[in-house]
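The chain below stands alone, shown as structure tokens; this is the form predicted on its own.
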């Protein structure tokens, strides 16, 4: 039997959660509604239109495609580099591994503008590289790699990697096959969590990208800031609407995929 005290606590927690959700979601909804109104200052009564959305698509379609290319490329690089790095750091252990791990995670404590400035000072002289979207990709990899490494290492810390590796070795598996067929499948929850973080952060990263981009290599957040600064409020709001429509389904799909894989792993 649920007591009155428990009901009051639950009700209070529910109301607080709804208030926080409303505080975060309502502004986004209002911004998206402004993107489909004829005149923002008159509100919905001025009429509903898609002309601002069409204008945004005509002006910024390249930034949308480029953002997804960079995000997926960053995910690919962090998977190729981050998983072996996490495995090596976990197996090696000791003071040196902790030092290397701290160096890898250093970008989390350094502002994105400082990371971008370091990249500009180091590689800014390579003009072709500087003008390419690969320059932004390099910055995104530096920024997101720690999330992949830490997510995978967290899983390694929860399982007996050494026993799994020794068991596969006793069966005659080569180091490469042990890594691909034994270690990686057992690290799947961390890989999926890290992948979700990498894609989310890459798509929404602004400070670092703002420093690294050129007029021909804008991404979604940079284009959004540009539209807010130089165009009508309706156009900027339409850009916000396009941003949500393009990104939310991708993140939801990735989350569903991660949950499906997690349930499959739990059912074995």
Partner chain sequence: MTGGQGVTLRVEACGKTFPDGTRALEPITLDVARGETLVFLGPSGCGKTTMLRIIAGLERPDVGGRILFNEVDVTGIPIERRNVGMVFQSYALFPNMNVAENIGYGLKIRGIGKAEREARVAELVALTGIEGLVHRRVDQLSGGQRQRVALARAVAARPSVLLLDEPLTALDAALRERLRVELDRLLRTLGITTIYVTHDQTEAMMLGDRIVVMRKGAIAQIGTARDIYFSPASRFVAEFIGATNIVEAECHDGMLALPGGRLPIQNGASGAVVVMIRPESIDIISTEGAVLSGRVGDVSFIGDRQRLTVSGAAHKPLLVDAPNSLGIKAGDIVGLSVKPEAIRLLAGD
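These numbers come from a predicted model, not from an experiment. Think of the rigid core as the biggest set of C-alphas that the two forms share within 1.5 Å after superposition. Positions refer to the first chain, counted from 1.
Same protein, other form: the form predicted in complex with the partner chain, not shown, and the subject of what follows.
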Next on the checklist: Taking the partner chain as it sits in the model of the complex, is residue 127 near enough to touch it, meaning that at least one heavy atom pair lies within 4.5 angstroms?
Outcome noted: no
Checklist entry - Does residue 76 make contact with the partner chain in the model of the complex, using a 4.5 Å heavy atom cut-off? => result no
Checklist entry - Using heavy atoms and a 4.5 Å limit, would one call residue 171 a contact residue for the partner chain in the model of the complex? => result yes
Checklist entry - Can you check whether residue 155 is within 4.5 Å of the partner chain in the model of the complex, heavy atom basis? => result no
Checklist entry - What residues, if any, in 161-199 have a non-hydrogen atom within 4.5 angstroms of the partner chain in the model of the complex? => result 163, 164, 166, 167, 168, 169, 170, 171, 172, 173, 174, 175, 177, 178, 181, 182, 185, 186
Checklist entry - Any chance the CA of residue 103 moves 2 angstroms or more between the shown form and the other one, core superposed? => result no
